[in-house]
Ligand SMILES: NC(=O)c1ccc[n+]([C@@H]2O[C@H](COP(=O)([O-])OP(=O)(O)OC[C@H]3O[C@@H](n4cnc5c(N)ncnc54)[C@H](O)[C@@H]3O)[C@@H](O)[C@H]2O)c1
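Let's start with one chain on its own, the form predicted on its own, as structure tokens.
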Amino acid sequence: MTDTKPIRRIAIIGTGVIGASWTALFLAKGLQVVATDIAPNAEAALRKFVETAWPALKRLGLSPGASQSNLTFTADLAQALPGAGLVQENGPERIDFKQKLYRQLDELLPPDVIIASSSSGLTMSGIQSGAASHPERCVIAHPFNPPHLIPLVEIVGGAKTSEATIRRAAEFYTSIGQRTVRLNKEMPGHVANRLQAALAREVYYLVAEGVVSAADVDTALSWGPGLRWGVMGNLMLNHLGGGPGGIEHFFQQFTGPMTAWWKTLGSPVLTPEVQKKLINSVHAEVGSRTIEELEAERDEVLLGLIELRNKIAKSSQRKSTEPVA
């Protein structure tokens, strides 16, 4: 696989929630996008999503050449592929479907075109078995919803994925402002969703056991550790938590208490009764607010945080390049 050709045209397969959000992001980065989906009214829904997302993307900063007019749509998969430098696949999470799709893509695409899957749970080793000729160009590029706002992309190769593909994929997503993490091993759920799952297990346990309400556990998260996690990751915060002694002192001080807590963490069974208790508590927290209102609140705070983090990152970059007096 050559890596000299810049990626300027993206083919989007599947324009549901994730595919539509990817589309908006790529357009905002000045790329050409051809989207395909066989669902009824898919094109109208996609264009409405992009139009709705555009003010937020404009606020974050559009790249030169960014335009909603750079989007074309076709229901014919084969017509969406010519000229694409990367395919972002967002099909159903069914291994049989994806293997069949990758067989088609492998036959239709030149061998140097990356096929990137947004799959949140399937392994690339399983998916790429459908691409008999060039499985080396297939890779997981899993976003975090909504990808037009949240920049995380998890890069995971399969057993037959080449290092060149992983490098090119990481370089592409980084070039459009995304934050990539490389998984050295395939894991169900990758990394971010596994972290969410571990936390969700304890959240569900605490509410199901009557320790706390949904409102209070959400307050504890979003106004406690969640605020810090929006700035730094867990291990870096551990380093700060150790004071002047850093991570070494943190483990000296907290290994005992922390591992003692681990022994009491819950493993709830999500029976219908437990689910009902969780659902009722969530609806009590929601009150009269609609999904749309909650999404708007989430996105507004996200935009503010992203703008602040981008400002700090640019300031740090300037300081690192200033000559030492």
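When you see a residue number, it is the position in the sequence shown, counting from 1. Bear in mind the structure is a predicted one, so any value in this text is a computation, not a measurement.
Although not depicted, the form predicted in complex with the named molecule is the subject of the following passage.
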- Note on the structure: in the model of the complex, the residue from Gly177, Pro110, Gly91, Gly241 with a non-hydrogen atom within 4.5 Å of the named molecule is Gly91
- Out of the stretches listed (294-302, 263-271, 58-66, 32-40), which one is close to the named molecule in the model of the complex, meaning heavy atoms within 4.5 Å? 32-40
- Query: Does the named molecule get within 4.5 angstroms of any non-hydrogen atom of Phe97 in the model of the complex?
  - Reply: yes
- Message: So in the model of the complex, is the named molecule close enough to Val17 to count as touching (4.5 Å, heavy atoms)?
- Response: yes
- Task: Flag Gly157 as yes or no: does it have a non-hydrogen atom within 4.5 angstroms of any non-hydrogen atom of the named molecule in the model of the complex?
- Result: no
- Item | Contact flag, Ser133 vs the named molecule in the model of the complex, heavy atom cut 4.5 Å | no
- Counting only heavy atoms, which residues in 131-150 are within 4.5 Å of the named molecule in the model of the complex? His142, Pro143, Asn145
